[in-house]
Structures are given as C-alpha cells and as structure tokens.
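Shown next as structure tokens: one chain only, the form predicted on its own.
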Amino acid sequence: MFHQSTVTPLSRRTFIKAAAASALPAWFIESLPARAEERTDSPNERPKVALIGCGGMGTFDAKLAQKFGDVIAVCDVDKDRLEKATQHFKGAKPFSDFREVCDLPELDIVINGTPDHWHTLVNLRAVKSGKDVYSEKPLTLTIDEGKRLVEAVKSSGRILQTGSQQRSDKTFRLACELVRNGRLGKVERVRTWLPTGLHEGPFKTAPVPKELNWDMWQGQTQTTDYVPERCHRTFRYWWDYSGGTMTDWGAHHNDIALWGLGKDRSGPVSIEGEIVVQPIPGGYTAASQYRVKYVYDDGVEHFCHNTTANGWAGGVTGKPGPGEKYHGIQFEGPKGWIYVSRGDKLEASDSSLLETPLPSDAIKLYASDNHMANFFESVKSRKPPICDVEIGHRSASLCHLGVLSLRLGRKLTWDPGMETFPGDAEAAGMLSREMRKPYSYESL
C-alpha cells in the first residue's frame, strides 16, 4: 500500500514572479495557490506502474509518472520499442502481451500509451484486473466502446484518468470559468480549430519488420498487408485505427469546448459534416480537411474545422491571416468572444472580458495544475480525477460523431441521453465496429 506524498511549497514570491510572465490577468494570477513540488519520501509508499505501448507519448507519460511511482514493467509488440523502454526504465520487466502485465499481482497502475484502436481492450483488462489507469486520448475507437468502458470503470471502482491534459492547464480553466460565469452573456456559438491532417498516398506495401508483431499490432481491425505509413506515428491518419486530427486534436479542443459549455457529460443533438478535400485513393483514409457543425439542445452552435478548411492555406505551420486563429477554441456571445489555446494564449474581443475579476461567489471549476499528479492524487484519495472516464468518453464521442457525419456525408440527429441516433439504423450501425478475433472482448 502507499500513502499521501509529502509536498514542498514554493515561495509565494517565486510563484507569482513565474506566473506573471504569462498572458493571464493579474487578478487571476493573484488568486492561484502557490504551486508545490510533489515527492514521495519512502520507496515503500510508491505505487507500482506499468507502461503498455512504448511509443513517444507512452514513454513521455511514464516518465512523468516516475515522479510519483516506480515503473516495474513495460510492454509493446515492437521489440525495438520494448528494448528502448527497458533502457529508459531501468529494472522494468519487458512483456509482449498486455494481459500478462495487467495480471501482475504487485502492479497498481497501468499507463496506456497504445494506438487508439487498442485503448479500450487494454483499459478493460486493466480495470478487470483491479488496476487504476492513465489512458491516452482519444479514450476509445468507437462510441460503443466508451459506453462499455464507463460501465466497467464504475462497476469496478477503479480510477481512470483520460490524458486530456489541457484540463490541467490554468489558462484553459480560466477561459471556461469566464464563459461559465456569463462573461460573454449566453453563449451563442463556439469554434474549435484543429490542425490539418496528412493528405498523402498512394502507399506501397513492404515486408513486415522482423521486430514487429504486425498481426497483434492490428488488433481488432481487419488484417491488411503491412504499409509503413499505417504503423506507429502516422496510424492516426487511418480510419481503421483512429479518426485523423478530428479525434487526435479534437479530443483536446472539443473537450475544452464541452467544459466551457457545461456539457462534458452530455453532447450535441445534431451533427452535420463536410469533407473539404477527399483522401487520395491508396493513401491516408481519415479526412485531412473538413468542417463539422454541432448544435446543442439550447441552440448553441459549435463549428469544428481544420485550419486550412477555415481559409488558412498555410495550415498549422504557416501564419494566420487577419481574424484567423491557430488551432484552439473560441467562445462567442452577445458581449464578445474569448479565444484560448496552448502556450498561455488567451485573447478576447475586449480586454475587460479578461481583466475584470470574477466575483467571490463565481462558479469554480475543478482545479488541477498537473495532470499526472492529479491522477496519482486520485489513486490515493479514491476521488474522481479531473478527466474521468465519462468525461473522456463524452469528449471522444463528440469527435466520433463528427467523423461519422463526415463519412456518411449527411446530417445526423443524436440523442445524448440514450447515446443513439433515433430512427437512423445506418448511423446506429456505426456506433461499433466488427472486432477481428482473437482481438475482441472475449479475449479479455
């Protein structure tokens, strides 16, 4: 067992000086508590952690987790990545089958850094085995997977944190608090700009690398010849394994849109998408340029599109023209707009929207300034983390709904309470996908 870690607070003066360098308003900086450096003094009090999926993001997450726990196991179907992970995490035992890892009796926590199409099966096995989970986003490959995972986590009593780390960024939290407290009046619309995806191909098949278990990497998806561009870093640009930037960056920015609207346990009532540039035959299958319009039950309109589709020809590597934005989120109402993105980018149509302090009785949102630390705190306290399983599921669902509308090429009506498409059998049939055996729920 392990206990609450000790903390060493930074001086108030040091903290304020560092925070003041950002674009945040002075009144908000003054309201922030002094940050603390977390450390665990006794090795016996540190939880035991396993990394499943040893790519760049998984390794990054596990390194962050090392501040709070000990990585005792690493798992991957690529022997080269597995070997590199054993070098990063000295003493960690290597595995090629995630089920063996999840069943380790001494293990407390699983860090899930697998590709999107493996998230759900790994997460389900982990909670079934009594482990708490930090899972990369988007949380699922399909909406049906999310419903199953929410039920499994709740019935098991385990903690699951979705890796939507913008929730633990004070700039995004402030933007959402301002919106939730009526700073713009009643919100009329929200816009999310996402990076433009890859538009390449056709690609050639190649021999499967000797270090890669290609069959297991494909998992639940239908088997296909090996194409290097399908695997590892560019997997997300294939419909088989992900949904392009809509599910990749959308799981970040659309998550913040839902948070600011107070709809992060709900969803839209209609979705209408348009593919702006069709994929190249034989190339990446997820749309690279698109527009999606969501409407919520209170009439709020949500426009989600990649940067190029918004008229910015340079994509995320160029410079925006007048009135255009880098990828981020903009809330709009009768009193103006507030825009937020990474790098402490917080802008408004009128500076007073940001500079006027919120009243003492204002709505306060869940505050976290370190996503991994928040997860470990939840593991110890058994209180929900800032991006729990249902929030992660709903944010992923919003992105999946957009992708389904793009693929069907028509407007969809959605019931966010029942999580279904009323009277639309074609769309309802896309809430799940056929899972290739033995990589299905039965294998767990």
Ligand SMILES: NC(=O)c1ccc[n+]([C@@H]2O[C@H](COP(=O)([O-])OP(=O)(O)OC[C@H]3O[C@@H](n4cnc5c(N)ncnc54)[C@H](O)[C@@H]3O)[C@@H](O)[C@H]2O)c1
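Keep in mind it's a predicted model, so treat the numbers as computed, not measured. So that there is no doubt, residue numbering starts at 1 and follows the sequence shown.
Same protein, other form: the form predicted together with the ligand, not shown, and the subject of what follows.
The stretch that touches the ligand in the model of the complex, counting heavy atoms within 4.5 Å, is 45-53, out of 382-390, 399-407, 414-422, 45-53. Of the heavy atoms in M57, some are within 4.5 Å of the ligand in the model of the complex. Proximity of A373 to the ligand in the model of the complex: non-hydrogen atoms within 4.5 Å are absent; the residue sits far from the partner.
Although the partner is absent from this view, M216 contacts the ligand in the model of the complex, with a non-hydrogen atom inside 4.5 angstroms. The closest heavy atom approach of D76 to the ligand in the model of the complex falls within 4.5 Å. Residue in contact with the ligand in the model of the complex (any heavy atom within 4.5 Å), chosen from D248, E332, E229, D108: D248. With the partner removed from view, the residue among G163, G328, G273, G260 that has a non-hydrogen atom within 4.5 Å of the ligand in the model of the complex turns out to be G163. Contacts with the ligand in the model of the complex, taken as any heavy atom within 4.5 Å, map within 99-120 to G113, T114, P115, D116, W118, H119.
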